[in-house]
Structures are given as structure tokens and as C-alpha cells.
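One chain is shown next in C-alpha cells, namely the form predicted on its own.
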Amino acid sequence: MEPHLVGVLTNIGMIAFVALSAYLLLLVGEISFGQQAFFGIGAYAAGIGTAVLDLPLGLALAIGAIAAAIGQLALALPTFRLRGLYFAMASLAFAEMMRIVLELTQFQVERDGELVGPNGAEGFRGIRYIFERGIEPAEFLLLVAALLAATLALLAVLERSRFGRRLRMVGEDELLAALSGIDVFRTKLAMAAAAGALAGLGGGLYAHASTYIEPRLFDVMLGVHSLAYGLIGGLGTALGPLLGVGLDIGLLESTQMFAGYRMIVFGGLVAVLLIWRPRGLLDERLLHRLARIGRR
């Protein structure tokens, strides 16, 4: 496989995690403009795990996911009881706060004669685990693909379960869900923890693929894009956000056809789909139609 294609597919896989994290929150009716914060938390925590603490990659990725889940819960606990767009605004403010915290974070140790670790606004260099272990880019792509496939499989089981139907009921009408005996607050908290963990896992993978991260990488545009991927691809299935990521990174960003016009085309695509298909390309209506065709 060509190196360029490997890089594009790896990038799609990593960004898909933060897109899926925004999708989980959309399922329960919450809009987040701040999933980039948990992507960044996972990236820094996992990077510290391997580069500073010399932990195995799997353990470092788990630490990054847990740290991001805790961060998402810290945001969700005081804000999920609020109505309207308060959570959306709080998520954006939290993300900017975390970006500033990362710019102030300095935690370096000496390894092999050089300082390794977060160095404030100058970023975090030397996350060389996969290169020091001789892991080829194609092998790392297989790791990303395996984790993403496992995540999609779990979400597919979740969506077909009774709990999955409760999630969509909460997202459609919280009052009706509460009257039906569903604990709305705890249900949303569970999705918040899962969303944070997914974003953190993607961030950990991103840190090790790029070997260098800095706070400005986790800006508001990443949060807006992660939210838009689900709105483009569709909210009827977890494959929707993946489709959105593929259209943006796989087509708009990675081809010369749209060089210099990516953001214009992407913004126009979002605007058109919000009018034409408010629930995205793979919405519930299309999935039901395909299911009926399959039964025939």
C-alpha cells in the first residue's frame, strides 16, 4: 500500500474516534463544540505514558481514554441538568480552558540525554514509541483499524439493544423518557463517559502517529468538524460519522481537486445537508428503507 494512502487512512481512523464521541452525545440530545479537549487530554496522557513513564502502548492508550472520560464527566456533571444550549457553550469554554492549561503544562524528564515531555506552548516532542519498537506505518494502521472496528461493533450492538432505544428516546424527548421510567441524567452521564473515552483513545493514537503534539492542534475547528461529521454522514447509525470523516479527510483534504477550497466546500456541504437531510445522509429513514429492501 502506498505511504500516502496509509497516512490518509490512518488519519481517517484516528479522527473517526472524536467524531464518534460527538455522535454519542448527539444521540442523547447534547451538542458539544468541545470534543477536541478530550482528544487533547488523551493525546497528552498517552504520550506521557510511553515517552515519559515508559509504559506499554496499550496501557498508555487506556490511561489516555480514562483521563479523557474523567474530564468529560467533570464537564457533564454540573451542566447536563441545564436546559438549552448551556452544555454546548460550556463545552466550548472548557475546551479553550484546557488548551490554555496545556500551554502552561511543563513536565519533562531526561531520557537518553534529552528532555522529553510536555513543554508548554512549544508542544510535546519525542513521542517515538512506534518508531523505537519498529512498528511500520501499515502495522499501526492495522491497529487503528482494529480498534475502530471493535468500537463500531460495540456501537452496533448497543444500537440494537434496549439501552440503545432508551438513548434515542432521551435524545428525542427527555420529558417523555423520564415519564417512561428512564433515568435521563444517569443515561446521559454514561454516554458522556463513553464519548470522552473514545475521544481520548483517538487522541492517544494521534499522538503516537505524529510523534509531536501542541495545544493549538486541539482548537475549536477540530470540535466543530467532529460535530459536523455526524451531521453530514448521518445520525441513524455509527457509520454516519465515519462517512463524514471519509468525505472530508479522504476526499476534500487529501485530493488536489479541492486544494485551497476545502473549508468552503465543507461548509457548503454542511449547509446544504442541514436543509436537505437534517439527520445526515445515513439517517433513520434511509436505514429503515434499506432494512425493508433487505427483508424482501
Partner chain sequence: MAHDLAQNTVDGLMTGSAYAMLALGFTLIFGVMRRLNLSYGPSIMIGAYLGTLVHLQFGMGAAVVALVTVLGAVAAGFYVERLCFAPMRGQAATASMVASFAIWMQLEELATLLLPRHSYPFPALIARPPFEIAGILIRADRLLTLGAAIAAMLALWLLVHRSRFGLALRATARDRATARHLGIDVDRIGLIAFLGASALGGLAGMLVIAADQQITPMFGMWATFKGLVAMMLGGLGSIPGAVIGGLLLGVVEAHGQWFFGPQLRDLLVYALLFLCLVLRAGIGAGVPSAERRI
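As the structure is a prediction and not an experimental result, all values here were calculated from the model. Numbering follows the first chain given and starts at 1.
The next section is about a form of this same protein that is not shown, the form predicted in complex with the partner chain.
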- Query: Can any non-hydrogen atom of Thr79 be found within 4.5 angstroms of the partner chain in the predicted complex?
  - Reply: yes
- Would you please decide whether Gly58 lies within 4.5 angstroms of the partner chain in the predicted complex, comparing each non-hydrogen atom pair? no
- Just to confirm, Ala228 within 4.5 Å of the partner chain in the predicted complex by heavy atoms? yes
- Message: Whether Phe94 contacts the partner chain in the predicted complex should be assessed with a 4.5 Å heavy atom distance threshold; does it?
- Response: yes
- May I ask you to choose, among Ile100, Ala150, Leu115, Val157, the residue with a heavy atom within 4.5 Å of the partner chain in the predicted complex? Ile100
- Item | Single option in Phe131, Phe107, Tyr212, Tyr86 placed near the partner chain in the predicted complex, where near means a heavy atom within 4.5 Å | Tyr86
- Could you tell me which of 107-115, 214-222, 200-208, 142-150 sits within 4.5 Å of the partner chain in the predicted complex, going by non-hydrogen atoms? 214-222
